[in-house]
Every structure is written in structure tokens, then in C-alpha cells.
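Only one chain comes next, encoded as C-alpha cells, the form predicted alone.
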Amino acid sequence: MCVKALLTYKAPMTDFPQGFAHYPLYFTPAEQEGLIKAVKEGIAQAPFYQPTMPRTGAPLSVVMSNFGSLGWVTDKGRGYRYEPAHPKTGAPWPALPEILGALWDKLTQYPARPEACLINWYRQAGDGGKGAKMGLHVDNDENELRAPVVSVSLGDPAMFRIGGPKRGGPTAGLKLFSGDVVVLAGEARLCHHGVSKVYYGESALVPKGGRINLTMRRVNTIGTPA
């Protein structure tokens, strides 16, 4: 290894941050089918749309929708935020499926349910996508940062990476499979994380292929109107 490479190399993390939890194959195949059915019903009311980055207007590589009273959206003009209605149709988001609400209750013990559940579809390149990924980021657009983030993986596996609170440090990787659940609480709640690769074609669960990720977040503190 050359001197320059030695100077820039960052050793990978050997441990996950405090508050990170992984529940492999939490949902049975039948339950996963039920979740995909719920997604199909949800996007019939709130279709997938292409979000864009603040300032640049560059499209995200995922397409998305939401469950819940609030949905996370982003566009060039107004940036990252939560809205009570679909940005294209103006209609309210579909309600959070009870199976996801029950998951939140069981794994978080937080005294109120999430207002938002992002539905991200990582499409494969042959279906309008470019081999979708999700860059390292922190979920900090919420007013209530004490509540955990709960994420469900469906369909093709993905390489999930998580680092620390500062951008650019070492990361730890974990291959997530369909039915896996991840919880970010405690220190992990404000750590950078993302998806560096999707292993397309390894699951037939998603009708058009790829990966569906469902991410539940509590937006407001208890007692604050949505």
C-alpha cells in the first residue's frame, strides 16, 4: 500500500454504536407478503414519486411514498420536511398499518406511535432506477429525537452501513435480508447510516423487483399537534 493510501485509509468499525439493534428475519414469509400487500394498497392512495435534493434539484435514486399522518418529503425549493399530504396529489397519506404500529410498540416502548413511515423503493436499473443506494445521512428533521427509528427490510438484500455522529469516519456494515428489522436508539439515533449496495435479483417478494424499506419515525413530541 502506498504512503498516500496509508494516510487516507480509514479502518472499518468493529462495533456498532450503543442503541443499535438488529432483529434478523423478524417477520415470517407470510407476514412479509402481508406487508407488501399493505404497501401496494398504500401506493394506490399515495403513488410513488421521485424526490429531489434541496438546492440542486438532483433526484434521489429511490422513489418513495409514506404511511401515517405525516410524510417525509424533499424538493429543490423547500428542502427536507414533513407534510400531511402527498406533494403531487395533495391527498392525505394512508394510515400506518397495524402490523407496523405493533412492531413499534414492542421494540421501542416509546409512549406514542410514529407519525411517519417512509416507503422507499430501491428499484433495479432495468425498472427506471440506476441501482438505487442511500448515501450516509442522519435522521434529524424531527422535533422528537429521543424516539428511536425503526426500519423494516423487504425484498432484495442490502448492505447497510452505520458510522458515528460525524461524517467521514469509519463505518460498520451489515447485510440486511427480507424480514429483518433494525432499530436506531440511544447514541445510534444520530449516527450516519445508509445503504451502499442492493443485491438485486435475490428475492422475488417485491412484484417488480428490488428492495422496499419501511422506516418509522416519531416527528413531534407527545402532545404537539401533527
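In this text, all values refer to a predicted model and were calculated from it rather than measured experimentally. Note that residue numbering begins at 1 and tracks the sequence as displayed.
Heads up, the form predicted together with a small molecule isn't pictured, but that's what we're talking about next.
- Although the partner is absent here, Arg217 is a contact residue: one of its heavy atoms lies within 4.5 angstroms of the small molecule in the predicted complex.
- Proximity of Leu145 to the small molecule in the predicted complex falls outside the 4.5 Å heavy atom cutoff.
- Contact between Leu100 and the small molecule in the predicted complex is not found at the 4.5 Å heavy atom cutoff.
- Put simply, Ala188 is far from the small molecule in the predicted complex: not one heavy atom of it is within 4.5 Å.
- Proximity to the small molecule in the predicted complex, taken as heavy atoms within 4.5 Å, picks out 192 to 200 from the listed stretches 22 to 30, 192 to 200, 49 to 57, 35 to 43.
- Think of it this way: in the predicted complex, the small molecule has a heavy atom of just one of His137, Arg78, Lys88, Lys106 within 4.5 Å, and the residue is His137.
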